[in-house]
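Here you get one chain, nothing else, as structure tokens; it is the form predicted on its own.
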């Protein structure tokens, strides 16, 4: 009888210890939990609530409509084009950013004169305001007085100024270039941190085994960057998917929805149509898509798996 009671007593003692540890830690983690509740959980819950209501253009809550707002969202003929734009926007920006950052991080990891200054210069686009950076690109691409058009006209590439921000395809292309430009610093430094964490003994062992530079990079270095790449790609996916300032400034003057992603479409529905209920339903869809993408990525890549 005493033998069977010992595990129960041990488990109760462990539970009491865990409860005491939680209470002891509560004063330290409590403010963070309250902050998360205030700026993440409550807004998300309120957004979901609004997505099931009929709200007038002046903001009056009229009645509950269940999933009618979602039915309107999925029956919108513009939605397929908007989703396609969103996929192209995220995939191209994240892929090119990661590839260029891998190259740049490898370069910055090598000793050379002035390396500190170059590292500092790389971080400038990330430190600067995204709105400010995008605005500079926007005015540089103006067809009449933009410096980009002036340069392309002077060297003979263009006969006259071209409206890069006036049509969907060139405007989206320009937005992609800007997004890559402002995303490279963070991604580069994340990968650079991973490179500097690789022991020199590992690289020396690869050389002694006869591995060439490409073999060392793809078979030794790149697998060691699993954690850094996982963080960089995941954060870039979330940031690019939810990016509004770049697209709002560059493609905001284009009529219709041919250059819109989900984020800019939500903004237009809220600003111009003044439909808080429909924009809330779109936001829920946007949030759900991000969660699915993150879940699939984490499940597939397994960033915490040992190399």
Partner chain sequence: MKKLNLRGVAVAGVAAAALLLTSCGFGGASSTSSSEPGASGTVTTLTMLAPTYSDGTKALWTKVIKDFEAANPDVKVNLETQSWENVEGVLKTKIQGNKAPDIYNGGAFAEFAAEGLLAPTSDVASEATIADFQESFAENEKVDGTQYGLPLIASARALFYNKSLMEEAGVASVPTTWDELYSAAKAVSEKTKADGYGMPLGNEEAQGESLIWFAGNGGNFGDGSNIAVDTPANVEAAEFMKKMIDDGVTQKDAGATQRTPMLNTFIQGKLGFAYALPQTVGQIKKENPKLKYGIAPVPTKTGTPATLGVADRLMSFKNDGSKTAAVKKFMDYFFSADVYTNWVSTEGFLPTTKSGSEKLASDETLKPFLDMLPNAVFYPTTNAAWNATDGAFKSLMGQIATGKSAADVLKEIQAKADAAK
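Numbering follows the first chain given and starts at 1. Predicted model, so just to flag it, every value in this text is computed and none were measured.
Below: the form predicted in complex with its partner chain, not depicted.
The shortest heavy atom separation between residue 68 and its partner chain in the predicted complex exceeds 4.5 Å. For the chain shown alone, residue 64 is not a contact residue for its partner chain in the predicted complex, no non-hydrogen atom being within 4.5 angstroms. Under a 4.5 angstroms non-hydrogen atom cutoff, its partner chain in the predicted complex has residue 58 among its neighbouring residues. Proximity of residue 293 to its partner chain in the predicted complex falls outside the 4.5 Å heavy atom cutoff. This chain is displayed without its partner chain, yet in the predicted complex the stretch 159-167 from 107-115, 159-167, 87-95, 176-184 comes within 4.5 Å of it by heavy atoms. The putative spot formed by 39, 256 and 286 is fully lined by its partner chain in the predicted complex; each residue has a non-hydrogen atom within 4.5 angstroms of it. Residues 39, 40, 42, 43, 44, 46, 47 of 37-52 are found to place at least one heavy atom within 4.5 Å of its partner chain in the predicted complex.
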